[in-house]
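This document starts with one chain, in the form predicted on its own, laid out as structure tokens.
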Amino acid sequence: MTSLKRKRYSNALAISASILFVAFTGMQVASPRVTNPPVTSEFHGPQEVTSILKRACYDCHSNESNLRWYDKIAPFSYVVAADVEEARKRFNFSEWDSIPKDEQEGKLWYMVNMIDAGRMPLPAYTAAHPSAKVTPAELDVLKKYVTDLSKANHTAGDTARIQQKAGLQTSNAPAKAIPTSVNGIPYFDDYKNWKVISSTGRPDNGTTRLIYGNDIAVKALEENRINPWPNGATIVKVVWNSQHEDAAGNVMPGNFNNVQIMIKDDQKFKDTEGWGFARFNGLDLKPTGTTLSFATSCINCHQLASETGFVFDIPTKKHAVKH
């Protein structure tokens, strides 16, 4: 290489370095800043639970973000700021008491399930913040806390009272007597005449579930047309808590917990993968959620079942659909 070529090469490198430096400096100036608004109603739980959540979740899901120096350097700062903004929208431990009690329980179960699936904290985050990882022993602590909370929130009720309450909610009843979700999905009794498509138990939170499907859902299962499910498919999950074993070792349901409804309409429910969600709790069938954001929590959890059209607990064989 001649001296002239070396000089030109050096000049080109210097210009490139200058451009990169200016661009890098500009990115730092324009870099988004994560601010911490006041804590208005913080989460209250046992110390062992709170300490795990603060270490693993609070940097994103609270107004007490403790960012490291490298989190504030562009381009990483752009990713961090976006993640914190999205995380606070999903749930914020610094505004916890502003969330209705039934939604609190649902968000805690969502959080535990996401940790159990290895999806939270985000793998990219724990790669840079290894202290945020949740150990199996810590996950057990969180599961026990939420399980105990679920049992405390759902009081006992006998079968007669359940039938009496449910029987009042008929298609002939006045409109005001029919519980309706904030997204417009009403409770209905007709699912009791549908086919059972699956059943499952959740030892982790002490519940037993029976899942029904309408004719459209059953046909979709039989023809393996579930990704996506056809519009009009409706799935109802009935949940009993405090499951236990009898003397013969049979798992038995305990007290009525809730009814969950999923309705497929890819035009009406575009923001939640085409599914409309509703949940009616307790003997009074009280709808979950006061704002449409509750459905976001539902679909966030159901993302784990994306391979089956966002539906959990479907039968693995066609003959599992039974009368």
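What you see is a predicted model, and the numbers here were worked out from it, not measured in a lab. Each residue number is its position in the shown sequence, starting from 1.
Below, we turn to the form predicted in complex with heme C (HEC), even though it does not appear here.
Under a 4.5 angstroms non-hydrogen atom cutoff, heme C (HEC) in the model of the complex lacks residue 146 among its neighbouring residues. Within 4.5 Å of any heavy atom of heme C (HEC) in the model of the complex lies no heavy atom of residue 63.
Contact annotation for residue 279: at least one heavy atom lies within 4.5 Å of heme C (HEC) in the model of the complex. Residue contact check for residue 260: one or more of its heavy atoms lie within 4.5 Å of heme C (HEC) in the model of the complex.
Proximity to heme C (HEC) in the model of the complex, taken as a non-hydrogen atom within 4.5 angstroms, holds for one residue of 91, 187, 240, 191, which is 91. With the partner omitted from this view, the residue of 122, 226, 178, 182 that lies near heme C (HEC) in the model of the complex is 122 [heavy atom within 4.5 Å]. In the model of the complex, 288, 294, 297, 298, 300, 301, 302, 310, 311, 312, 313 are the residues of 285 to 315 with at least one heavy atom within 4.5 Å of heme C (HEC), listed from first to last.
Note: residue 135-residue 307 Cα separation is 3 Å or more shorter in the model of the complex than here. Whereas the displayed form keeps them at a certain spacing, the CA atoms of residue 96 and residue 295 lie at least 3 angstroms farther apart in the model of the complex.
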